[in-house]
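Below sits a lone chain in structure tokens, taken as the form predicted on its own.
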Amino acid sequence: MKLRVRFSKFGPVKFIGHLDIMRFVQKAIKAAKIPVKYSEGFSPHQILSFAAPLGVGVESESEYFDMEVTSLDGCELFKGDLDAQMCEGMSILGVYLLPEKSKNAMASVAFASYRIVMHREDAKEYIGKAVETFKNSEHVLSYKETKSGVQERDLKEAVLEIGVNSKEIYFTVDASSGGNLKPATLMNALFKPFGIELKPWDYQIIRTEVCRADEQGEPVPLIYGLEQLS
């Protein structure tokens, strides 16, 4: 049986890298005595699949990982048992039953939604103008140096939605393996026309949702349509 677990990540734990979070979750599952399934072979390991890795320093309202279990006995306790093993800043928000033929969390990711809390005072004055300028531009080009040379990308093609709410910027962007747009790249492009060069500490990135594409290609949360167990 497959389960999808939703969790949040806030506070100092945001500075812990993805691989260390994976190791911590594996230990937490073991400590919670959840009947997780292990792989076969010389070096068995828990069968887990995390959705899009969260960058260091980024907080999140909604993260996901899938796991296989050998039994659903006591499944109504899975959320509480696992949450009791979490460190400060991490919380288990829900456990959902995943159909056997479903794609795993990592393979399902197509989009991600974020909100940005601006700390830099002079940049706060340009939040509305920055978003409007982006919306009204036919193209917003970004350049990245790669081994094969400079790569050009039109960010307008990767942004599904962008706006301002209560002086925070929110947006939904391409998060697929082939087109993942990093929030920092978009933030730099938004404020570049105003001569503002942002540093990582000038704002806080908070991921609000990780999504797959529905039948119409629209973003829906990774738990959309799933049965909640606990």
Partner chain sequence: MRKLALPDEILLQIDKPARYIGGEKNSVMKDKSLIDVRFVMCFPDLYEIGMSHLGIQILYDMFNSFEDTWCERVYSPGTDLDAIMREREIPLFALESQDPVKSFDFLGITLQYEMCYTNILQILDLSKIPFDAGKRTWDDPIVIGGGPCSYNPEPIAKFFDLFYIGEGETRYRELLDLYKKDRAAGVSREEFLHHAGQLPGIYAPSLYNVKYKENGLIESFHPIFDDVPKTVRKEVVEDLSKTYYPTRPVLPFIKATQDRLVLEIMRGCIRGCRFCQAGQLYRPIRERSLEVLKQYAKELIANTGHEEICLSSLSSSDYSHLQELLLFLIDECDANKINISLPSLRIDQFSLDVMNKVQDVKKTSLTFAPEAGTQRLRNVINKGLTEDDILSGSKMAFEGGWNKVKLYFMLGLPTETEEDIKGIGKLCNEIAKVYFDTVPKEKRNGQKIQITASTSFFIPKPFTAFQWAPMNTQEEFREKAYQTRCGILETLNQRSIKYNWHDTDVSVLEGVFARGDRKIAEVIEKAYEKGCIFDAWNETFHYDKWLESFDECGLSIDFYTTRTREDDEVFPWDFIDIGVTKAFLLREWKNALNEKVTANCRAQCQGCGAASYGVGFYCPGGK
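We call the rigid core whatever largest set of C-alpha positions still superposes within 1.5 Å between the two forms. The shown structure was predicted, so the numbers you read here are calculated from the model rather than taken from an experiment. Numbering follows the first chain given and starts at 1.
The same protein has a further form, the form predicted together with the partner chain, not shown here; the description that follows concerns it.
Does residue 172 make contact with the partner chain in the model of the complex, using a 4.5 Å heavy atom cut-off? Answer no; every heavy atom of residue 172 is more than 4.5 Å from the partner chain in the model of the complex.
So, residue 142 and the partner chain: in the model of the complex, are they within 4.5 Å at any heavy atom pair? Contact check for residue 142: no, nothing within 4.5 Å of the partner chain in the model of the complex.
4.5 Å heavy atom contact, residue 74 and the partner chain in the model of the complex: The answer is no: residue 74 has no heavy atom within 4.5 Å of the partner chain.
So in the model of the complex, does any heavy atom of residue 167 sit within 4.5 Å of the partner chain? Output for residue 167 is no: heavy atoms all beyond 4.5 Å of the partner chain.
Spot the stretch among 172 to 180, 34 to 42, 186 to 194, 61 to 69 with residues whose non-hydrogen atoms come within 4.5 Å of the partner chain in the model of the complex. Checking each option against the 4.5 Å cut-off leaves 34 to 42.
Who in 10 to 24 is close to the partner chain in the model of the complex, meaning a heavy atom within 4.5 Å? Read in sequence order, the residues that approach the partner chain (within 4.5 Å, in the model of the complex) are 10, 11, 12, 13, 14, 15, 16, 20, 23, 24.
Using a rigid core superposition, assess whether residue 178 undergoes a CA shift of 2 Å or more between the shown form and the other one. Comparing the forms between the shown form and the other one, which are aligned on their rigid core, residue 178 does not shift its C-alpha by 2 Å or more.
Just checking, between the shown form and the other one and with the core aligned, does residue 41 shift 2 Å or more at the CA? Yes, the C-alpha position differs by at least 2 Å between the shown form and the other one.
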